[in-house]
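Below you will find one chain, with nothing else, as structure tokens; this is the form predicted alone, and questions on how it binds or moves follow later.
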């Protein structure tokens, strides 16, 4: 018999833009940091930080050209060293998420490239990469049918659910699940999981991620309002 999972309310729970009762770490975002890309953003979740740059729509190589939509590429660079299997896997997941929302049919036979540089990894890296990519796409003016965000959940040995876990919590967790959700209907765009969990725990993690996404999208909105209200 399984005990019911519970969401932990820890010291990170605080009132503010993300609302009371939401155990997401502190967020920070700055757009238009880089001069060469068409759009860029730096996204911070706790001590996890990712810098994103978007190039395009631009000319595409003939070998990669798609006649009825834009070719979308994602490049993820680790903090040190060369990209490995983990980076290639994350690139694919981020690309699949972006392709689900970017209106590539408006720019056929062009290239849109998202370059992500990991600045620091203190847990929930994939979610932070997704959030940085979304804000950079917005900054570049790439047409999208919706915004998207990433939320990571972790389950420890007794079934306690932790939102936005740190690297230490991920290492000690029984399962780690990351979801990408859209801003219109909170629909699931992408998911990736690691570890052991039941069907009921999967559904509970998804429900918690959908609730948390409301706070992430509210942060997006407030961040953009602050930027564009500056005269």
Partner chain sequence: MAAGFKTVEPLEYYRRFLKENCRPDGRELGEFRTTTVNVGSIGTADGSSLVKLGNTTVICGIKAEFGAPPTDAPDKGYVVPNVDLSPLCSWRFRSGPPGEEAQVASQFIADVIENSQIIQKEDLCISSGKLAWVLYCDLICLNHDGNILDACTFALLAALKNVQLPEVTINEETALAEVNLKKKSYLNIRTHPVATSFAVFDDTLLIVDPTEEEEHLATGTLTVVMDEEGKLCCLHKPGGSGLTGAKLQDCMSRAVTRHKEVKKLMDEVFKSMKPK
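Positions refer to the first chain, counted from 1. The structure presented is a predicted model; accordingly, all values stated were derived computationally and were not measured.
Below: the form predicted in complex with its partner chain, not depicted.
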{"query": "Segment assignment from 186 to 194, 29 to 37, 163 to 171, 44 to 52: heavy atom within 4.5 Å of its partner chain in the predicted complex", "finding": "186 to 194"}
{"query": "Residue 97, heavy atom within 4.5 angstroms of its partner chain in the predicted complex", "finding": "yes"}
{"query": "Non-hydrogen atom contact residue 109 with its partner chain in the predicted complex at 4.5 angstroms", "finding": "no"}
{"query": "Touches its partner chain in the predicted complex: residue 89 (any heavy atom, 4.5 Å)", "finding": "yes"}
{"query": "Close approach of residue 93 to its partner chain in the predicted complex, 4.5 Å, heavy atom", "finding": "yes"}
{"query": "Neighbours of its partner chain in the predicted complex among 200 to 216 [non-hydrogen atom within 4.5 angstroms]", "finding": "202, 203, 206"}
